[in-house]
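Here we start with a single chain on its own, the form predicted alone, put down as structure tokens.
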Amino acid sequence: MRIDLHCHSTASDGTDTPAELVRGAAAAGLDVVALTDHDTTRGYAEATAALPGGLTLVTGAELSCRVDGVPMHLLAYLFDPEEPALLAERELVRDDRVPRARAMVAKLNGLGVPVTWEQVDRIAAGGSVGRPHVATALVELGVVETVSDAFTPDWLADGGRAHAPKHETDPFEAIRLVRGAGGVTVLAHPAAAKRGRTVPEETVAALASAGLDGIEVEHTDHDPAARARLRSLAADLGLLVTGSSDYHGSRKTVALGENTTDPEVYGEIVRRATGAFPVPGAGGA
């Protein structure tokens, strides 16, 4: 059983539509795929309608958080998408993305880069706009060669010349909200140091005490040493260990199913969730 619990679509910063994502997951030999777009559940309906037979969809979201000045992401699974408190917080984060992206465009213009908001908006194509869309604009203009090259201090990295902050949820509050909506939380790529600062282990321990369910260990941004360290930390804290691709389509080189989650861990996530259930595929068109 092959399970990938972290994937993005055009509902946020992926390049595959939700329908293309689930079809691609089936073609890649996955049995279970999670749709975890940034701070939005907008892709659920399309993914569910197109779900091929033999593939199960786990609904979720990747929540933008910050603690002690350090940005971090929290994967939330199988929560009630209409629960009012969590919905209001997701909308607050999502709605702040547009002024943030406009601020980054303005900073880039000040650096002599002729990017426009219209260009970024076209690339986002109605999705939840984020830095990868601005980065793609820089690639189109020939400023950088790849999206990853834009995430440096010269450009869009945290504290970079063209970086702009956005509203981000306190992770302790996020855990409380997700639990209140019947969901399960997993700390995303906690050792991805190339993305910027990472949260210290004592913070992870505090999050575990607050109800965090798991840590994403098997991830393309974690080398073998980091994976071993995170597995040990998870064991010490009694946390679940997940693995996933963090697939973004053509925006990143990682493939669907590049890392996967153990079926027993997946079963425990489903057992703990009360807000929603996995959706079995019925051969969607």
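So that there is no doubt, residue numbering starts at 1 and follows the sequence shown. Everything numeric here is computed off the predicted structure, so don't read it as measured data.
Heads up, the form predicted together with a small molecule isn't pictured, but that's what we're talking about next.
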property	result
Contact stretch among 97-105, 209-217, 136-144, 112-120 - heavy atom within 4.5 Å of the small molecule in the predicted complex	97-105
Interface membership of residue 195, the small molecule in the predicted complex, 4.5 Å heavy atom rule	yes
Exercise: residue 42 in contact with the small molecule in the predicted complex, heavy atom 4.5 Å	no
is_contact(residue 130, the small molecule) in the predicted complex, heavy atom dist at most 4.5 Å	yes
Heavy atom of residue 155 within 4.5 Å of the small molecule in the predicted complex	no
